[in-house]
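Quick setup: one chain, the form predicted alone, written in structure tokens, and binding and motion questions come after.
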Amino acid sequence: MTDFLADRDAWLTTNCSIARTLDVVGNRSTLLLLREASMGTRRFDQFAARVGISEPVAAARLKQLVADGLLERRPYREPGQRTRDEYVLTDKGAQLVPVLVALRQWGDTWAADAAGPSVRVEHHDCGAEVHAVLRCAAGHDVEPDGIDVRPGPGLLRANRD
């Protein structure tokens, strides 16, 4: 890494993007609701059943995902029924799909049972398996030990009085 990391006590983590992301999606049921939305689940009762959470928990989490801009509520009405809302990923929510793919990939390698992963994720155009990879802006695949951490524009320095 860099000398910058050796002096971590000189900067604050209050503006950390990972911490702020976890404030939004950092619990199990929220990530599982996003998994379901990414696989096309739209109806409230399907979310609750597929994630295995109570309706009150599903309602609270879905409401928060809408408030955070990750899901959008859209009205629908089946014949003879009252109007209800379905939940659809927004662009902001869809940008978390690579994170879900990376979590699934890690789980397939390190947490799946002996039978193997429960699902595979494939590119619908060619059928090849989809993987999350680290890639720099110049197009190079990057290994975890090939990353340098540098100060960003939002870095907050600690006051050393």
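Position 1 is the first residue in the sequence shown; the rest follow in order. On a predicted model such as this, the values are computed, not experimentally measured, just so you know.
Absent from the display: the form predicted in complex with a further copy of the same chain. The rest refers to it.
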> Can any non-hydrogen atom of residue 37 be found within 4.5 angstroms of a further copy of the same chain in the predicted complex?
Replying inline: no
> Taking heavy atoms only, is residue 54 within 4.5 angstroms of a further copy of the same chain in the predicted complex?
Replying inline: no
>> With the partner left out here, check for me: in the predicted complex, does some heavy atom of residue 60 sit within 4.5 Å of a further copy of the same chain?
In response: no
> Is there a heavy atom of residue 66 no more than 4.5 Å from a heavy atom of a further copy of the same chain in the predicted complex?
Replying inline: no
> Taking a further copy of the same chain in the predicted complex, which residues of 106 to 136 have any heavy atom within 4.5 Å of it?
Replying inline: 106, 107, 108, 109, 110, 111, 112, 113, 115, 116, 117, 118, 119, 120, 121, 122, 123, 124, 126, 128, 129, 130, 131, 132, 133, 134, 135, 136
